[in-house]
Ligand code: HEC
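Below you will find one chain, with nothing else, as structure tokens; this is the form predicted on its own, and questions on how it binds or moves follow later.
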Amino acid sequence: MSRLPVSLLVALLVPAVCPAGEEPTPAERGKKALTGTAFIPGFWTDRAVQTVWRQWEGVTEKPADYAAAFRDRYGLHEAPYPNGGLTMGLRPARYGLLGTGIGADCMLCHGGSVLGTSYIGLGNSTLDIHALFEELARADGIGRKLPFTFSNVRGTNEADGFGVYLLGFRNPDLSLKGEWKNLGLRDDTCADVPAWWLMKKKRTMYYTGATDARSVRSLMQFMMHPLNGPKEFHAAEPAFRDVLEYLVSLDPPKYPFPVDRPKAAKGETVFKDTCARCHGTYGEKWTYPNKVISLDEIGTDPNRHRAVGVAYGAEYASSWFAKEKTGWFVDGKLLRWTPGYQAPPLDGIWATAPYLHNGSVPTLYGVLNSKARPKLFTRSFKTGEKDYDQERVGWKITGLTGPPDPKLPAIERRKVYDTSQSGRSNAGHTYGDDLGDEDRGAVIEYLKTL
């Protein structure tokens, strides 16, 4: 993988001095911090990134276009910002006493691609984070298994498990404990990564709506690398105030294909009658109810709701993360319990396939017609125009008649979505089932315009 000289890399990553009288806005500072700062130490040596191809089944020599092969292997994307020749989601970072290595950042999961274009803030729906961490560790000569399953299905992750696992090593002041405390770790939620641009409308965040959407410290949980202590968290908090300002400034990409405007206008009417009570209205005078729908009503897979329980909530509430001066957090107060899942805003929904909180429905047509949802399927995990379903809006899939051969490598088995497995149900959200085909098609046409 090609790399830039260190001198040029430093020049790219150090923010330029603004001309007099042109101070950057908080959002501009936040973007620079997010894309140019390594907030956690490196996980791997540079050598691991350059030689990990030796861990790939059937590969006997380094691929000619190694950067592209590396991205394809793990479902990563080119960075739409200077990144030293590294893919979006990876960056140079301090590596123990050995100098500089390679670390991960927020865009590993929150940097995606649609129609071949990379976007900061779009969930990465092609990532195999388990393979990435497992194989790079092996390339560095670390053979031990990962402590839990990082991903069960390509394009989803166990982000909630990461938070529960890492907090189990921390005292309330975020210093390290002597031994790990199990706060209810589970790794069967298959979380689909939501788009960052939705945060500008939301008062609460995460799928259950349990956290203040303007909480700066909640964004910093990924920093719980064992080499980050309390001083690193305190030092980074001002930058994350700016990062939050950047996140709430993001806008979704516009649907790039032709839209049938009369059909979309009809769909808007149907949408307002059928969907707006939960998902809000759109346009210049938009509304958003910030509504949580109970599990009994929504009927979607409950595992994500169960993944963050009382033990974790109590530990979080006693920690530095919950001691912000703004927002609803006060000493001793638990994370907000909710009865189900928050109905999100739908801005840019055309770009955010697959759908539901676990990525179990590949198209909007399936969201609005539960009987048409595939039960067992795979897809290309490419993001080009030929991989996108313009009619049903989402990703093209290949239906399967049986589970993958257990003899296949795990990285191949994770390409199959089996809705019969724990955390992967595609049931629920049946609100569009009563629509006729004409009205359903009109709503989909309208959703393209959001």
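A residue's number is simply how far along the shown sequence it sits, counting from 1. None of the values given here were measured: they were computed from a predicted structure.
FYI, the form predicted in complex with the ligand isn't displayed, but the following is about it.
Chemist: Leu174, Ala343, Ala239, Ile120: which sits within 4.5 Å of the ligand in the predicted bound form by any heavy atom?
Modeler: So the residue touching the ligand in the predicted bound form, by this definition, is Ala343.
Chemist: Quick check on this chain: which one of Leu368, Leu86, Leu76, Ala351 has a heavy atom within 4.5 Å of the ligand in the predicted bound form?
Modeler: Of the listed residues, the single hit is Leu368.
Chemist: Using the partner position in the predicted bound form, report whether Gly432 sits within 4.5 Å of the ligand, counting heavy atoms only.
Modeler: The answer is yes: Gly432 has a heavy atom within 4.5 Å of the ligand.
Chemist: Would Arg71 count as touching the ligand in the predicted bound form under a 4.5 Å heavy atom rule?
Modeler: No, Arg71 is distant from the partner.
Chemist: Report yes if any heavy atom of Lys202 sits within 4.5 Å of a heavy atom of the ligand in the predicted bound form; otherwise report no.
Modeler: Contact with the ligand, yes.
Chemist: Residue-level question: is Ala159 within 4.5 Å of the ligand in the predicted bound form, judged on heavy atoms?
Modeler: Answer yes; at least one heavy atom of Ala159 falls within 4.5 Å of the ligand in the predicted bound form.
Chemist: Considering the ligand in the predicted bound form, find the one stretch among 78-86, 224-232, 135-143, 203-211 with heavy atoms no farther than 4.5 Å from it.
Modeler: Going through the listed ranges, the match is 203-211.
Chemist: Looking in the predicted bound form, is the ligand within 4.5 angstroms of a heavy atom from every one of Leu185, Arg217 and Glu315?
Modeler: Heavy-atom distance to the ligand in the predicted bound form: none of the three under 4.5 Å.
Chemist: For the stretch 225-261, I need every residue with any heavy atom inside 4.5 Å of the ligand in the predicted bound form, listed N to C.
Modeler: Read in sequence order, the residues that approach the ligand (within 4.5 Å, in the predicted bound form) are Phe240, Val243, Leu247.
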